[in-house]
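Shown next as structure tokens: one chain only, the form predicted alone.
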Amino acid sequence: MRAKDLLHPRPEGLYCPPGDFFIDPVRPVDRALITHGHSDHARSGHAHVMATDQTLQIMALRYGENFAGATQVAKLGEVIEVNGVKVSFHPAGHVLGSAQILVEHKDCRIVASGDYKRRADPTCLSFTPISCDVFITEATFGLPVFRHPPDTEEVARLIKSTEQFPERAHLVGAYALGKAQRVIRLVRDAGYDRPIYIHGALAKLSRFYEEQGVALGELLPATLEKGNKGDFAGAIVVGPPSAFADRWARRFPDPVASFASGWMRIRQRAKQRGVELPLIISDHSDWDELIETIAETGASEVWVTHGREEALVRWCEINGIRAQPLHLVGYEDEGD
């Protein structure tokens, strides 16, 4: 069958007509298959949701226990039939519980990647390449300028800065699901054993990561209910990026503003955000990893979505791979 008859874009999201389901729909639908727990992919209000157990638990933490009419756990690698269409979930390496979704029907295999990265990450399972006819790839960092350095080097810069400026608090902006826990774990793996202070918005998800076996060390609330500003001198404080733009950040002594994001490769972005210590740490693949992944899947056709679509489409065409942008709307960069 033709790939577009198996999956194609609709206003609600990527739709499978023979299976009558959507992948990561942006509006409430009857049946949704969800790749991961970031809010631009995982929304509440669907009648039925299928996802990995960790993603379902994350959705319950974020939206409440009644976020969907019914839920179904998809075990990694297990084939499930949905109205005669075979689907299976495979590790995406993006955040805890994240998965690619393989859709098979008749003689057609399509993999919807969701968001993914190829770097080793101590907080989630590593990406597994899946052979397919059509690979649907994100392109958040789909330009040759984006080549992420080793995350260990970026974290080493953070720790070195705390040693150089022991009188200053280091405020690290990191998204609440995935990025914050990854940064904390990387800091621990670099040998930092002091308490790390976290914004309240990170507490619930960080506890969940701990429950899932991701050790984060001693985490303390970044509050001033007891003590004073001096208590945070030399400390690492992690919080959502939005928190550092409000009064909450003013409680810390001469703070070093930091932000962990692939966008920190662009100096002008860091400057515009007032970031003194940019950390190029991303939960998305960079340019080299995107094109390497496309080659590994063996796909003869690539559909590119939410990101810098044009450059990746052009690379595919130059290399003899049919490609097109999907122009899906409603997806942001919560976990960049």
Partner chain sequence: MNRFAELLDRLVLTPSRLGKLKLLTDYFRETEDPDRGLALAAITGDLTINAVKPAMLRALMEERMDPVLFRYSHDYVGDLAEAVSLVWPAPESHLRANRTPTLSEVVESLQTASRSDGPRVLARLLDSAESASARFAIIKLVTGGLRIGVSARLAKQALADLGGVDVNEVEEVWHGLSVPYLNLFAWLEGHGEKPERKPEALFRSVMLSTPVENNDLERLEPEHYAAEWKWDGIRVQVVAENGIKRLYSRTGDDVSGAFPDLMDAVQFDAAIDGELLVHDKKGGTGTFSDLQQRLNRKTVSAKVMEDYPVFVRVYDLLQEGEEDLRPLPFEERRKRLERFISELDPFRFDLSPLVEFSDWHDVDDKRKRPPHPVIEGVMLKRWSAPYMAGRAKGPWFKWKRDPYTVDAVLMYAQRGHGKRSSFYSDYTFGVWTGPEENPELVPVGKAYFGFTDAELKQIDKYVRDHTIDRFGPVRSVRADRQSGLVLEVAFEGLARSTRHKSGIAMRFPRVSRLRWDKPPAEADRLESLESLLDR
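Since the structure is predicted, the reported quantities are computational estimates derived from the model, not experimental observations. Numbering follows the first chain given and starts at 1.
Not on display, but discussed next: the form predicted in complex with its partner chain.
Check: Looking at K106, R157, R207, K86, which is the one with a non-hydrogen atom within 4.5 Å of its partner chain in the predicted bound form?
Finding: Only one option qualifies, and that one is R157.
Item checked: Listed residue that, although its partner chain is not shown, lies within 4.5 Å of it in the predicted bound form (heavy atoms), from A270, L56, V29, I294 -> Selected option: A270.
Notebook entry, point to check: For this chain shown on its own, do A249, W263 and P278 all sit within 4.5 Å of its partner chain in the predicted bound form, going by heavy atoms?
Noted result: Yes, the whole candidate spot contacts its partner chain.
Notebook entry, point to check: Are any of the heavy atoms in T71 no more than 4.5 Å from a heavy atom of its partner chain in the predicted bound form?
Noted result: Taking the distances in the predicted bound form, the answer for T71 is no, it never comes within 4.5 Å of its partner chain.
Note to self: So in the predicted bound form, is its partner chain close enough to D40 to count as touching (4.5 Å, heavy atoms)?
What the structure shows: Close contact is absent here: in the predicted bound form, D40 is far from its partner chain, nothing within 4.5 Å, heavy atoms only.
Check: Can any non-hydrogen atom of G274 be found within 4.5 angstroms of its partner chain in the predicted bound form?
Finding: G274: yes, in contact with its partner chain in the predicted bound form.
Next item on the list: Although its partner chain is absent from this view, report whether A311 comes within 4.5 Å of it in the predicted bound form, heavy atoms only.
Entry: Judged by the heavy-atom cut-off of 4.5 Å, A311 is in contact with its partner chain in the predicted bound form.
Notebook entry, point to check: Hey, of 215-223, 145-153, 183-191, 120-128, which bit sits against its partner chain in the predicted bound form at 4.5 Å between non-hydrogen atoms?
Noted result: Comparing against its partner chain in the predicted bound form, the contact stretch is 145-153.
Note to self: Where, within 155-186, is there a heavy atom within 4.5 Å of its partner chain in the predicted bound form? Residue list please.
What the structure shows: Residues within 4.5 Å: R157, K160, S161, Q164, F165.
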